[in-house]
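Presented as structure tokens, the chain that follows is alone, the form predicted on its own.
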Amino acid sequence: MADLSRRTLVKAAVGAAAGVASARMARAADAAAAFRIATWGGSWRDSVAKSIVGGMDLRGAPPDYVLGNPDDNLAKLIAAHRGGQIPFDVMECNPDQIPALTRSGLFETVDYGKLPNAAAIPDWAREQCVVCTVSTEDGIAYNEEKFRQSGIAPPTSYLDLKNPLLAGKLAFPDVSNAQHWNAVVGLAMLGGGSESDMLPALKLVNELKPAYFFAASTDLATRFGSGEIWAAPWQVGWAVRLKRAGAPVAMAYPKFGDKVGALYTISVGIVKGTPRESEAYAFINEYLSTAAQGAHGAATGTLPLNPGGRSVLAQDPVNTGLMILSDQGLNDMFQIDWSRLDTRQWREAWNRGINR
């Protein structure tokens, strides 16, 4: 038994040493890797590379991009963290992730002294573990030509979409689409609920009787452009793209209590333990610059939180005709209290309770 115990201890010691060596090798590999940015793919990634990274003073290899939606990238981060690895240095996040990320310890606490450009963004955008950079502006996109021809008044509320003249012409964002959240919270509020009481929204969505529930905005854009769909809760960036393509699209911003329209913010966090902390701060600081905010906002249809970036967008009459660009307008827009919204519970309720 004594020999067995000694052999067991030796094996354990060897295993521990191997584990330490493996972790050291992983950290060494992390340190040798290029600066890595976890972000969306497609045109968003292209704009990050051109509008933000293109303005940085980079030394050495260009950055790598880890592509995926924020939930997928968070899963990658959690899996790598368990193995003592760092899969990327900064990550773009959705607003519903912020409460959990603040508690998780996966992100560094932001040192705003290292982000001089953060002085330009609103106080609420300077979160503890992430920095809010840009936002979508959510409301109701509608075909103003079809509305006028059919005698339908421009919508001022989500409940205006119950108009029988819109039967078969209305789309609604499915739970997998980011614009889903402000729409269902807005409907919950109209039904007497809130973020912590979402069930009224189910009844009202079923009463709207959407022709279809869209997951991909690209698909909805095609149907909007063809005139198949006349109205949908959506974000203004897609309305801007369609307007520039010649579609007769307008935006309406419903009330959320005493707020008008709604924001869905995008944030950046610095991964705990990154060996590229200086590059991470440089990236976020450049992201918040007037030039990057204006260029990225124009390319992606998002709202810069830096007022200088919004001034860049205000030079385009299509933007001024569809977007809310003033400081007062920005501060008067609704934001979901994600600490009160149980997204998992809501997804389950949505999948059970929506008539399709």
Partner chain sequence: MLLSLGLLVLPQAAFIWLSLHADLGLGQISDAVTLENYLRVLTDPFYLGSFWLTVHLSAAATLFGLLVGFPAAYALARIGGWIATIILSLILTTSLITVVVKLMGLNIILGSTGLINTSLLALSITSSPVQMINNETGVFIGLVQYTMPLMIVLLFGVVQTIPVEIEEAAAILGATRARTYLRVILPNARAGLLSSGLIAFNMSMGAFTSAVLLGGGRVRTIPVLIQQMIIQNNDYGKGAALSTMLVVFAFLLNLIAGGLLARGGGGQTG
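Here the structure is a predicted model, which means the values were calculated and not measured. Numbering follows the first chain given and starts at 1.
Absent from the display: the form predicted together with its partner chain. The rest refers to it.
The contact with its partner chain in the predicted bound form, taken as any heavy atom within 4.5 Å, belongs to 74 out of 74, 86, 132, 110. With the partner omitted here, the residue from 160, 127, 277, 174 that has a non-hydrogen atom within 4.5 angstroms of its partner chain in the predicted bound form is 174. Stretch-level contact check against its partner chain in the predicted bound form with heavy atoms at 4.5 Å: of 194 to 202, 222 to 230, 132 to 140, 149 to 157, the positive one is 222 to 230.
Contact between residue 104 and its partner chain in the predicted bound form is found at the 4.5 Å heavy atom cutoff. Taking the partner from the other structure, its partner chain in the predicted bound form has no heavy atom within 4.5 Å of any heavy atom of residue 245. At a distance threshold of 4.5 angstroms between non-hydrogen atoms, residue 347 is in contact with its partner chain in the predicted bound form. Its partner chain is not shown here, and in the predicted bound form it never comes within 4.5 Å of any heavy atom of residue 252.
For the stretch 295 to 317, the set of residues having any non-hydrogen atom within 4.5 angstroms of its partner chain in the predicted bound form is empty.
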